[in-house]
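Take a look at this single chain, the form predicted alone, given in structure tokens.
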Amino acid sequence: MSLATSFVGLNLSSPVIVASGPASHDVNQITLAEENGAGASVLKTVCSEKYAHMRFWPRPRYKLLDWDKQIAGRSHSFSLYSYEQGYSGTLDDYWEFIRTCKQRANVPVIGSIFADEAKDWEMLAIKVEESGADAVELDISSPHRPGSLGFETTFIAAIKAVVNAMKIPVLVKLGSGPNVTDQAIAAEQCGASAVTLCNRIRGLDVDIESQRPILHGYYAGIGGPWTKYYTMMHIAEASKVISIPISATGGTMTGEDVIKYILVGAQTVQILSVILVNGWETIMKMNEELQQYMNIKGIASLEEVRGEATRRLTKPEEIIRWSGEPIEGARNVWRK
């Protein structure tokens, strides 16, 4: 029984991947991820020169909201509120970062890029490939993106430009919302190798004493364990209409969460917040829980159960509903 997973042509030792962010910002973190059993790492997102200001971060940039340490000691109740934007070095630093990661780590390394014009997306992607990355992820849905990026001028144009210039796989990272499935279809039609569902959402929190927005005083990216329920729905819906793989991300805290994502159709599961909150050993623990589940269920490969829960979704018209007739043995507790 093996956790080995094939994803966009890459052979992973585990479906658990480190997501782009503060846990994939330097080479030492990539080797830590490998040592703890991660199947791959998506590097911190690099921004085009037009958005060089996004390489400088405010301090402090993180805050745990609604933190509850009392829930069975599992610390599963929180929201991570953060404003950390692009990779903090120059573009040349990023290319060297990729090259060094490939020299020191054996797990696949996935570059992550952000821009707003097709030519800049293409240039960044080409340099990511030339630097030796195994794949590239387009962070089109970044919660810190400036202004409103057009669907045709940015989303469609960017994916097409990058796909046409690449030999390595191209992932497209989408945000949660009513158009996720349509965007996933569009990404596949543009030639994307996979989609990542779903990025953090843009949020706001306020300090009632000062009556001002907290931290840097502006909107921030927000996520936490609660987001997995939205993402599982999006993956279930998207997996029914696209044929390219899905990489899940959002709210994963345990091996059980990884299993749920796989059961609704995900190929891999990207994690970040749980590493920041509970440490690197979380990856190893997730892999152990995955292996235990497979042993108990007699599953030789995760492919055997991928999408099983989605296939078992009840059609709305087939949901069994109570029409008011007496239920034998049930006590009538309703009063007119």
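Note that residue numbering begins at 1 and tracks the sequence as displayed. These numbers come from a predicted model, not from an experiment.
Same protein, other form: the form predicted in complex with a small molecule, not shown, and the subject of what follows.
Contact between residue 40 and the small molecule in the predicted bound form at 4.5 Å, heavy atoms?
Contact check for residue 40: no, nothing within 4.5 Å of the small molecule in the predicted bound form.
4.5 Å heavy atom contact, residue 19 to the small molecule in the predicted bound form:
Because a heavy atom of residue 19 falls inside 4.5 Å of the small molecule in the predicted bound form, the answer is yes.
Answer yes if any heavy atom of residue 199 is within 4.5 Å of a heavy atom of the small molecule in the predicted bound form; otherwise answer no.
Yes, residue 199 sits close enough to the small molecule in the predicted bound form that at least one of its heavy atoms falls within 4.5 Å.
Can you tell me if residue 306 lies within 4.5 angstroms of the small molecule in the predicted bound form, counting non-hydrogen atoms only?
Residue 306 lies outside the contact set for the small molecule.
Answer range among 264 to 272, 306 to 314, 288 to 296, 32 to 40 for contact with the small molecule, defined in the predicted bound form as heavy atoms within 4.5 Å
Of the stretches listed, the one contacting the partner is 264 to 272.
Given that the small molecule is left out here, which of 135, 80, 101, 159 has a heavy atom within 4.5 Å of it in the predicted bound form?
Selected residue: 80.
Of 108, 175, 169, 251, which one comes within 4.5 Å of the small molecule in the predicted bound form, counting heavy atoms only?
None of the others qualify; the residue that does is 251.
Contact test, all of 229, 239 and 260, partner the small molecule in the predicted bound form, heavy atom 4.5 Å:
The answer is no: none of the three residues contacts the partner (heavy atom, 4.5 Å cut-off).
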